[in-house]
Every structure is written in structure tokens, then in C-alpha cells.
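One chain comes next, on its own, written as C-alpha cells: the form predicted alone.
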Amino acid sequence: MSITIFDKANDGVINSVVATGKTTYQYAIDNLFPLINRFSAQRKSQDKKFYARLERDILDHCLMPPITIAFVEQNFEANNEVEIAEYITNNIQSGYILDGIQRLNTLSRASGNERFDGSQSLYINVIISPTEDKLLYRMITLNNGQKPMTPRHQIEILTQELFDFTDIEITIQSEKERAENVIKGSFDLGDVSKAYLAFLTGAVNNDNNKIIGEKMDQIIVGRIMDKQPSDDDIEFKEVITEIDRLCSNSEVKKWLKIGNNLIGFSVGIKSSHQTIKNTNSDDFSDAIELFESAFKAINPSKVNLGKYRRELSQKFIENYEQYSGFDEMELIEEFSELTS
């Protein structure tokens, strides 16, 4: 037996197919268990003693709660449950386990016992989403109450696991990769994750050590929910594409490698995507030179420069068509208004 789907519906908020079905414990061990490694930074296997009772129950033919699997498929079309089941079977290696990692680990351990019955049913929930952004939105809303997985942690995981950075020219390295071998000129994955968080929340200030972390996480979840993705929104993939294109100019790359600029750019471009898309990298380089000249007029002893850099770079990119045509004094005057 592979997977049987017996019901489907559409999630109208994230334009995704949501299906329910079942498979067997043995299929889960053979096909779902290997998927837990796709989330390399996700929660690791907890001490098996916490799940010893479940392991015994599995051997006594218990029925575990459903496992949730997700796929990202831009042009998914299926007319019935059979076609959905075929899609899942054919693309199972591309799936993600959204809920059930510890249960699958326990199931795998139990399978080594001679009393294990691999034919026992396992119910599954399936989400097939057109974009990573919409899948992430649903993950955040589903996992809001889970303390072990903060929204920041989920975004860091998905930035690394869901986005394919192999088809772009710039290199993005995780902290672990940088510790092993630093590639000169590479972007820090941590900065890209923060930029993605800013993109999803529509806010450049998601770090505030004056607010208790747990409360700040609640604020971030609220911001993401307020900014639920619509079909008119650009996707973060398109932001990465523009960053990659503009980085053909070394000065632009140097500017975007500054985390605060990257955050401001990722939020601002939501309002000026078409303008930025029609701007060549050399013209953009001239524009950020203008930005830097005006930014030097800010008195560093009076403000939090990092915060102002995030906010002003966001405003600059949002109003790129207008601000890039200013001279230095006009832009300083504009910055004066924005920071007063």
C-alpha cells in the first residue's frame, strides 16, 4: 500500500490543496521517516525515554495521531483524490514533515521489534501550497502556540530548507558552512533569514531586546498574520532574484551584504518591485551612493544607526523612483523629515 486520499478541500487563504488520507506504518518508515532529515535545523530527536510509552503502544497496535506532510508546487492541478495520491507518491521525496517528527522517530525505533506490525494504518494530512511564502504563513499560524519552535526559528529553517539558492550567482552560507570554509563575498544565511522575516512581517524592526523574547515572538506572529499573502504580492524568491541581479555590480553587492540594508531592501521592494526590476545595477549603484552620502548627515551620537539604516533604506527603496532623482541636499532634507 502507498497512500490513499479520501477527502480534499481548498484553503482559500493560502490557495492550497489540503487533503486527508491514510497509509501504513511501513510506508511511513520507508518514505516519510527519511524526510525528517530535510529539516536539518529543525527540532532534533528528543530523548527516546520521553516516547518509550508510545513505542510500547505502537507494538500494541495503537493508532497514532495524523502526520502532516507539505509540498510546494506552483502549478498543482488535480481533479480528484486519486490524482492527489499519485502526485504524493511520485513526489514524496520532495515533501516536508510539518508535524510528526518525534512520532516518526519513535515508529522507526519500534519497527526493530519483532512484534511490530507494519500494516497498521497511519492517517495523514497533506498541504500542497503554490509558494513557500504561503506554506510558511500556514505553518506560523498552526504552530503559534508551540514554544519549542518560535516563528524566528521556523523562518530560519525554511529559509535554508525551502529556498533553492543553487540557481543564483551569489553564494549564501550558513554559520556552520562558514565555520568550515568561508567563501569570500558570500551572504550570511542569518542575514537572509532576518530579511525574510522582515519581508513576511512588513516591518524592519523585529529585534528589540527591551521587549521580553516571548512577547516579541507574539508580536511577530501577529504581524505575519496581518500580512497574509495575496496573489498580488511579490514572493521572496523574486526579492532574491533582484538581489542576485543587482549584485553583478560589486558596490551594490557590498551594500546589500550589510544586514540592515538587506532588511530595508527586502521590505521596501514590496512597494517598488517593478521600478527596481527595470533599474540596471549601475544606476542602482549610483542611487545607493546618493543614499550613503545623505545618510552620513545623520548624527551617530544621537540615534541608533542600525535602526535608522533599516528604516531609511526601506523608505529609500519604497520610494526609489522619486528619491533616486533627488540631489544630496534634497535627500538629506527628506531624511530629516523622516527622522524628526
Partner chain sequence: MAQYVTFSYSDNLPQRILSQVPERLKISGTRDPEILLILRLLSGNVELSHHYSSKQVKSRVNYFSSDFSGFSNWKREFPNLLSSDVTAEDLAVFIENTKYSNKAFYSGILSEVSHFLLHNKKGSHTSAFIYIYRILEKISYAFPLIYASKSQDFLKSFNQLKDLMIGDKEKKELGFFKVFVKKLYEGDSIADTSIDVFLNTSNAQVQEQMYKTLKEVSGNSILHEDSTEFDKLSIKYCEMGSFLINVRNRFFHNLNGGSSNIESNRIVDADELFSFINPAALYWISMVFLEITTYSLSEFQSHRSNADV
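Under this definition, the rigid core comprises the largest set of C-alpha atoms superposing within 1.5 Å between the forms. Residue numbers count along the first chain shown, from 1. Given the structure is predicted, the values throughout are model-derived calculations rather than measurements.
Below, we refer to the form predicted together with its partner chain, which is not included among the displayed structures.
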Q | Proximity to its partner chain in the predicted bound form, single hit among Val303, Leu59, Ala52, Leu63 (heavy atom within 4.5 Å) | A | Val303
Q: Could you work out which of Arg109, Lys253, Lys270, Arg223 is the residue within 4.5 angstroms of its partner chain in the predicted bound form, going by heavy atoms?
A: Arg223
Q.
For its partner chain, considered in the predicted bound form: do all three of Val82, Thr89 and Thr141 come within 4.5 Å of it, counting heavy atoms only?
A. no
(Q) Under a 4.5 Å heavy atom criterion, is Asn209 part of the interface with its partner chain in the predicted bound form? (A) yes
Q. Hey, in the predicted bound form, is Asn299 touching its partner chain, heavy atoms inside 4.5 Å?
A. yes
**Q.** Residue contact check: Lys215 to its partner chain in the predicted bound form, 4.5 Å heavy atom
**A.** yes
Q. With the cut-off set at 4.5 Å between non-hydrogen atoms, does Ile219 touch its partner chain in the predicted bound form?
A. yes
Q. Heavy atoms within 4.5 Å of its partner chain in the predicted bound form: which stretch among 63 to 71, 304 to 312, 270 to 278, 286 to 294?
A. 304 to 312
Q: Can you tell me which bits of 324 to 340 touch its partner chain in the predicted bound form, meaning any heavy atom within 4.5 Å?
A: Ser340
Q | Rigid core fit then Asn75 CA moved by 2 Å or more between the shown form and the other one | A | no
Q. Gly306 and Lys302: do their C-alpha atoms lie closer or farther in the predicted bound form than in the form you see, with a change of 3 Å or more?
A. closer
